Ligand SMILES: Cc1cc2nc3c(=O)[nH]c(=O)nc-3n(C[C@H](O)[C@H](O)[C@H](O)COP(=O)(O)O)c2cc1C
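The chain below stands alone, shown as structure tokens; this is the form predicted on its own.
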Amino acid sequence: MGKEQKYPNLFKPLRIGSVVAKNRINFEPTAISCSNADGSVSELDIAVYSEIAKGGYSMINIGGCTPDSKTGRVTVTGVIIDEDNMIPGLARLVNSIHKYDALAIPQIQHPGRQCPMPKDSIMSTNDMVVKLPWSAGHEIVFANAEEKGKEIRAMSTEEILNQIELWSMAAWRCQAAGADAVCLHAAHGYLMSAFLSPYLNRRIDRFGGSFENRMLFTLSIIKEIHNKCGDDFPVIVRYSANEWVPGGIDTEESKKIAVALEQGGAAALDLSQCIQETPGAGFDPMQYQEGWTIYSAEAVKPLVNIPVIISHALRHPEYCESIIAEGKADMIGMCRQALADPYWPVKVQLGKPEKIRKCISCLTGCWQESLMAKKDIACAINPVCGDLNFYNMDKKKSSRAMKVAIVGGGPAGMEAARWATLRGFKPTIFEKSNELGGAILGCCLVPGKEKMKWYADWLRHEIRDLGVEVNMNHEVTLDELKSYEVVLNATGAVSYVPEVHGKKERVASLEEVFACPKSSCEFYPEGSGRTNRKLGEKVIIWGDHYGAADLVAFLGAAGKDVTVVTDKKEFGSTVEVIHMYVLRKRMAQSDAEALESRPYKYPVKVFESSTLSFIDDKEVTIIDSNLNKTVIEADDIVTCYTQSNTALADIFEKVDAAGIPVITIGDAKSPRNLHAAVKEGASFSITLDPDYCVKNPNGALMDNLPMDVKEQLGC
């Protein structure tokens, strides 16, 4: 079978207005927030978007381009196109995309009520107070402050008319920069979305009320873009086909919107989901399954003659091919999948789908720790994304096969071994258990988090295919480590029991409860040899962070009566916010929008700013920050407090003293998350310098030493 015969429909061209996409794989618009502070295109913008174009995505949407920086930037460092002096930089970005024969399509977007910058810009359709803690434009709540909500004001008619002019001028600048089309962001509760939405638009003037009035803002912008750019300049509209709120846009309303947009001159429709009040459906955390949004394309496509693009949680090429082959949509869109693996299209085309690093929908790097944290885009499982240090790695091959000992076979250790091998080093992994994967493996037990195993399996296959030496069921010795040139401590974290009065021995460890009990697996065909500790009906989860959140989901789904005791002000405050949104719905015996899971048998109770003070045979005493005490029954208690693993500290100290650098990364350095582990594992290996492997006084490896300094230090 030929390389294009297996997925023939994915690689057919598609006409969108006056332009032709070379295949049916679209990079969906996302604000990567990598521009310069003044909104001009940066070197990192060009690196991120051109990498995705190089990988074979036929349309590259440049997300979050603001037409009016004075009243609303989509991110603190997004692309600005409200002045002509931004055209040259945008042209450079467009050219970097055209280099790989992809279409360059800036997305014009005003955040409206969800504006992160400037903070005092709060204009939208109506006066309201909103609390949207998962939005990049949320109210800033400082450490000891209370959430009050963000006050939004209604735009005047003059401001609306001015926005129509600003959006159309932004489109004209995109055309001047050589862009092939523009995409209007009319989804997710941002400004244009707020005008379309009957839930958000309560105006009583010509821009609100009736369906026709709510369409006027969008249709006026399309008309004015064509006035300035010509009728043959394609305008794509991305809108929410379902807002998942009572009184909001539903499937029937979205069908009317589709017809009106085509009649109004739109060249294609890009269907999304949600407004910010219903973020689960928009962000697609792990609990949302592949293909769940296809219903909206099936409803809209028969009514229009322009292309319909569908996205959300698409990962597998076979499934994406079937969408096009069965006529459910004309094009599939990917966003976070492209950040996780920019080379998805070319891997599919060349018949190597097993090499795809599938996005696990964790939302950690691409949302929680990037745009929400007001930083550049990142990806928890792709350390290259958003980091110029990792581009052009083919030029960083080592001059010799440096011997590297990696102690710990979790994600940090495996990622370090992968990059070390690619650079030409000779790594060896020492893993005390009989399976690689580390903390990822417990997630197999958590309903909705099975996608985590995608990455674990991908890494394990890469380690195998690269020929990395792995010593399993092996406790490393001092003598072994002394034969290496550098040692990586990637031993992870372990749970512990905080000080408590009474029967401390009743507290079970997180590891006992989360041990993967599978009896057969390609990675340990002889059987894991592990068993889960069986728990009674009433269980106290003592602690916080990802382990506690996952344990809530695991035990809640298993029908346990769960109580959480955390010393944090808010349970799960360090866990990715959209996943906590979904989990809190489940804890209340409900479910997030578009999900239909079986409700928990019991609601999950939470004691915040609290800890355990006394443990008896059947009861525990909980004490809060005001010294109030509560006594409850408990069959079992599980600690989710974790600390860095120090079991090999003495060996590592002796290795370091012998002049062999020991570097500690991931949870062994400080318990955090998958993103930190992967990033630090990769960073370790690209920092290694075979000519000068010495730590600085801070305990960090040095690289790229100046020539004269190398000579001075005797390298």
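Fair warning: this is a prediction, and the values are worked out from it, not measured in the lab. Position 1 is the first residue in the sequence shown; the rest follow in order.
The form predicted together with this ligand is left out here; the points below concern that form.
Visitor: Pick from 665, 31, 60, 678: which has a non-hydrogen atom within 4.5 Å of this ligand in the predicted complex?
Guide: It is 31.
Visitor: Considering 418, 226, 255, 315, which brings a non-hydrogen atom within 4.5 Å of this ligand in the predicted complex?
Guide: So the residue touching this ligand in the predicted complex, by this definition, is 315.
Visitor: For this ligand, considered in the predicted complex: do all three of 106, 163 and 219 come within 4.5 Å of it, counting heavy atoms only?
Guide: Not one of the three qualifies.
Visitor: Is residue 284 near this ligand? Define near as a heavy atom within 4.5 Å, in the predicted complex.
Guide: Taking the distances in the predicted complex, the answer for residue 284 is yes, it comes within 4.5 Å of this ligand.
Visitor: Does any heavy atom of residue 546 come within 4.5 Å of a heavy atom of this ligand in the predicted complex?
Guide: Residue 546 lies outside the contact set for this ligand.
Visitor: Is there a heavy atom of residue 249 lying 4.5 Å or less from a heavy atom of this ligand in the predicted complex?
Guide: Residue 249: no, not in contact with this ligand in the predicted complex.
Visitor: Please check if residue 272 has a heavy atom lying within 4.5 Å of any heavy atom of this ligand in the predicted complex.
Guide: Yes, residue 272 sits close enough to this ligand in the predicted complex that at least one of its heavy atoms falls within 4.5 Å.
Visitor: Based on heavy atom distances of at most 4.5 Å to this ligand in the predicted complex, which listed stretch, 295-303, 358-366, 317-325, 166-174, is the contact stretch?
Guide: After filtering at 4.5 Å, what remains is 358-366.
Visitor: Could you list which residues of 319-340 come within 4.5 Å of this ligand in the predicted complex, counting heavy atoms only?
Guide: If the 4.5 Å heavy-atom criterion is applied to this ligand in the predicted complex, 319-340 yields 333, 334, 335, 336.
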